[in-house]
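So this first bit is one chain, no partners, the form predicted on its own, shown in structure tokens.
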């Protein structure tokens, strides 16, 4: 059996609008952080070469460590988003859809 939802009613729900706004703000924040962090690598390599050439350990220098740290940042952003989505956004979305399903079956 296929369940039909009233998507117009769901979209008009103030809780859905609040959820969408909250999720959008969170995603833009993560995006801004990621872009700034990733752009720092080429800027640093172009304009701060002396800093990027500092030896950290053996053949590793600050530039290589910074470049490798971008993988950690990417994983961190993914983990942060997935935890927030699973613990907050998905829960709220499920409640809204369940209520819409209950109201639609009346």
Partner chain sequence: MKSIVKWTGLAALLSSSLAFADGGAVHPQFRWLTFAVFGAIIALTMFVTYIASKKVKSASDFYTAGGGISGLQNGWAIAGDYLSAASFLGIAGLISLYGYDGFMYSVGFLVAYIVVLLVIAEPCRNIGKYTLADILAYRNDPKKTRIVGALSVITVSTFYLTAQMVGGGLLVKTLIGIEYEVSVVAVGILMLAYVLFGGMVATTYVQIIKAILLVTASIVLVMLVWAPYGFSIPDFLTSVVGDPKVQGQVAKVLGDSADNMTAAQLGQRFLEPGLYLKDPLDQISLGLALVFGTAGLPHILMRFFTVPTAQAARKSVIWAMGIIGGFYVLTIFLGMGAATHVGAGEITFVDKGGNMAAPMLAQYLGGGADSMLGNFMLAVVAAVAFATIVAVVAGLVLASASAMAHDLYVGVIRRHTTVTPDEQMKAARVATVIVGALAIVIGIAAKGQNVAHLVGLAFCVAASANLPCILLTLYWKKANTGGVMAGMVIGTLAAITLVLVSPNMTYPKLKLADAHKVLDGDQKKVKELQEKLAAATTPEEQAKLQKKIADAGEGAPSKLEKAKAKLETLTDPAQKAAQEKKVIGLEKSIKAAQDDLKKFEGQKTSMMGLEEPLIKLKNPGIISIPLGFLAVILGSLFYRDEKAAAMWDEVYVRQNTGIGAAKAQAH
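Everything numeric here is computed off the predicted structure, so don't read it as measured data. Whichever C-alpha set is largest while still superposing within 1.5 Å between the two forms counts as the rigid core. Residue numbers count along the first chain shown, from 1.
The form predicted in complex with the partner chain exists for this protein as well; it is not shown, and the discussion that follows is about that form.
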{"property": "Contacts with the partner chain in the predicted bound form - residues in 62-83 whose heavy atoms fall within 4.5 Å", "result": "63, 64, 67, 68, 70, 71, 74, 75, 77, 78, 81, 82"}
{"property": "Displaced residue check between this form and the one not shown: residue 92, CA, 2 Å or over, core reference", "result": "no"}
{"property": "Threshold 2 Å Cα movement between this form and the one not shown at residue 82, rigid core reference", "result": "no"}
